[in-house]
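The chain that follows stands alone, in the form predicted on its own, written as structure tokens.
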Amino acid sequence: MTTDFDRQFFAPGRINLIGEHIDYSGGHVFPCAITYGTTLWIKKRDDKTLRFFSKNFEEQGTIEVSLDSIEYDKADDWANYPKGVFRMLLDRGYHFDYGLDLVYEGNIPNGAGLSSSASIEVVTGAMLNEVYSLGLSMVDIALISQKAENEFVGVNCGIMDQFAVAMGKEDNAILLNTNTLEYEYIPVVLEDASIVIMNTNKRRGLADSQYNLRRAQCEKALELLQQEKNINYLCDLSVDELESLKHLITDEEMYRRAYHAVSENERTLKASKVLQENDLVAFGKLMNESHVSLRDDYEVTGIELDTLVEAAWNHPGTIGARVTGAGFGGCAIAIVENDHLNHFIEVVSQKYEKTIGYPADFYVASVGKGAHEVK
């Protein structure tokens, strides 16, 4: 089906090693691209029609729209993500003289929290940049993709997912300041260990989850803190500064949300430093602390993720483990010594199925590169 297409593009999924739920609070995140992702094949048309097809959702058939009338349509489901990228570029004044046939295929588990939506958006943006010679940078493509998700799809996500998918570099994580978009590549040297992705197989849709509520609580907390402190983001504060301003946030739950954001930012900066020093044990400890904060202060884990992570913590081969992504289901990650890999998967898998009643899936991940054309 894809043999007669003109060109092929690929964008990865991503995991976030640490720095969760702070990319909309001006914090530092530490994601990396993985080798799982989305492939896009395209063929030029001689009219102004776009025809979207996904090998992952074949039952939905081909979704057809005109370049002259791209609007959000709930019935178009997954295709709203690439449609949104077209719409954002058209709104910026870019012109597309001809339509395309577009076929997508992803091997990222759908709804697992590994950024399948960002992968679809960014592979579309990278393709449009090349095919129509738009002259955009990969950072531009990340920002346009985020805008598509925020304004077209209606999910109030931060910049991390699209940035990691666009800017990923093989065997490196990205320390990204989500406030300024300053970033630094930091080598991920695991030596005798591997990253294991553990999928709860509990589907979660961000737009339907409590993601937007958590974000609103952080924005409200910021507003209250700004009465006494001249800051633009929660993560402009240190933990000590936040504690000294605690009297401004009388709602205990809201304070815990803010505390998570500020403490997670500090943990992420420490984590990038210890990874540069090749101190994997210290890195693992910070991963564990991150999960506890997301469980207790931010309350975005749930029994499925907690069961996986706690089973991982109890395994002697585990260096560190935590939820990755927005939570509410989706995936956790663990750094596991290679000698223990098979036993780790066997034991954690058994504990999870016994507690939850259905199996988890496990993937050993490699750190891959960002969106690119496949020659």
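All figures in this text were calculated on a predicted structure; none of them were measured in a lab. In this text, residue numbers run from 1 along the sequence as written.
Absent from the display: the form predicted together with a small molecule. The rest refers to it.
The single contact residue among G329, G26, G320, G325, judged by any heavy atom lying within 4.5 Å of the small molecule in the predicted complex, is G325. This chain lacks the partner; the member of I120, A271, M160, M198 within 4.5 angstroms of the small molecule in the predicted complex by a non-hydrogen atom is M160. For the small molecule in the predicted complex, the listed stretch (123 to 131, 150 to 158, 87 to 95, 71 to 79) containing residues with heavy atoms inside 4.5 Å is 150 to 158.
The closest heavy atom approach of Y211 to the small molecule in the predicted complex falls within 4.5 Å.
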